[in-house]
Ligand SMILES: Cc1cc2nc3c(=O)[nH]c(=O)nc-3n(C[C@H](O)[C@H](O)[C@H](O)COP(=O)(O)OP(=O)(O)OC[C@H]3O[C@@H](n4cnc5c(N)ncnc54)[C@H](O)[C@@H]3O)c2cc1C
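Consider the single chain below, provided in structure tokens and representing the form predicted on its own.
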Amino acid sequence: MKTIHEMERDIPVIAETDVLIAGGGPAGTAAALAAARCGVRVMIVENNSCLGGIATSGMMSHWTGGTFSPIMNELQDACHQIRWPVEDGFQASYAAINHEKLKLVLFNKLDEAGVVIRTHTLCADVVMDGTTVRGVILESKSGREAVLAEVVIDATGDGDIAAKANVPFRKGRDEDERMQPVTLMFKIAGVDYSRAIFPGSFESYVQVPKGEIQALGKQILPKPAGHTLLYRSTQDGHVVVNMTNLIDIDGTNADDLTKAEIETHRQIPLIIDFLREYAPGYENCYLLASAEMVGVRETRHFEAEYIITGEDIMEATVFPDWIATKLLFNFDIHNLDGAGLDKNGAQHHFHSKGKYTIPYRCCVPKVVDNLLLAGRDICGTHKAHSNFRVMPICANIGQGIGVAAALSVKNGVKPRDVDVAAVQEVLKSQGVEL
């Protein structure tokens, strides 16, 4: 490969903070709020134009699962307290996401907590002292800059900071490193809610005049698309659509991401044609908007002090070093070869012994110090990941890790040496229940 030599240069240090959070999705924003409320200095850096990640830029339809999350509930309550004229007389599901409201609420909540917010900025590299992370190199229209921190939280989803810091990882499934498909969410309008169908899972089989909707999708839609997932929005007549699908995409590869954006956008008009023809209530639907980014479900799984497994989830394990509690979801493994559910997944037929917890050890990477993981990049198997990757669980993980980072700074100890019992007491004071 042809190369060029980049000249050495001095990078300005634009800030020094106690806790630096890379990534402003559900895990990152929850970590920022939790840490700031512990009284430490917090900065959050997000590559997109707003906070929220897949919940906003990714146009996710709703907060999913049966997880109890005080921070998520706080955000939902704040969104529902905002009344805009377009919603007068229409009551959406409590879990449905109004993307524009959530953007505003997240900016306001973090600003009120004293968090320094930087958007439109990529976390491009790490500042290392041996095996200790000392900060992050930023890249933006302002140029190349550095922020130093006592503790860095990687909430990028893909674990970009941990990868740069050389934390060992693997991708996808153990046997072949294949990863779950990616999806570009989009929203349609012109739907007659009085007649519309809303299949909400791969196992939602709905009879329509011309057949069963899932079977029709597999028969008619362009592969690897083929399933029908439709969700009520916060505006009457609007529906959020989770039906584009692309397999064999590596979300850490820019070429693959570009391919995914192109191909999923090409699927949208074909999906709308399908809905107009086969889905009752959708005869006059039309495209309103598509997400700002393709949704990536799975990439890197990092090595940490413990790897959470599907068995831990099925057994509803309560770990002594819990930092996230009352977690409940299914094994949402999308088919790695096409549309629908993977043979190892389970949605309606998922059964566990109850709600489980995430141990702190899953979030403490091996080898590298002053770095914590939060969100879907924590240490877990492919199957376990399909459960804990959803937004409410990521928010709970973020809250726990935000508190742990704050106590690390306040007590002058490495993150791996934090007293987890003390973290748990703070979490209880923040509304977390065991």
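Computed from a prediction, not measured in an experiment: that's the story for all the values here. Numbering starts at 1 and follows the sequence shown.
Here the subject shifts to the form predicted together with the named molecule, a form of this protein not shown in this document.
> By the heavy atom within 4.5 Å rule, which residue out of Leu407, Met60, Ala384, Met43 makes contact with the named molecule in the predicted complex?
Contact residue from the list: Met60.
> Only one of Val105, Val296, Ala291, Ala279 comes within 4.5 Å of the named molecule in the predicted complex by heavy atoms, so just point that one out.
That would be Val296.
> Have a look at 33-41, 364-372, 51-59, 399-407 and name the one stretch with heavy atoms inside 4.5 Å of the named molecule in the predicted complex.
This holds for exactly one stretch, 51-59.
> Just checking whether Ser233 would be counted as a contact of the named molecule in the predicted complex - the rule being heavy atoms within 4.5 angstroms.
Outside the cut-off, so no.
> In the predicted complex, is there a heavy atom of the named molecule that lies within 4.5 Å of any heavy atom of Thr325, even though the partner is absent here?
Contact with the named molecule, no.
> Does the 4.5 Å heavy atom contact test between Leu122 and the named molecule in the predicted complex come out positive?
Flag for Leu122 set to yes.
> Residue-level contact is defined here as any heavy atom of the residue lying within 4.5 Å of the named molecule in the predicted complex; does Gly380 satisfy this criterion?
No - in the predicted complex, heavy atoms of Gly380 and the named molecule never come within 4.5 Å of each other.
> Given a 4.5 Å distance limit between heavy atoms, list every residue of 372-409 close to the named molecule in the predicted complex, or none if there are none.
The stretch 372-409, when checked against the named molecule in the predicted complex, contributes Ala374, Gly375, Arg376, Arg389, Val390, Met391, Pro392, Cys394 at the 4.5 Å heavy-atom cut-off.
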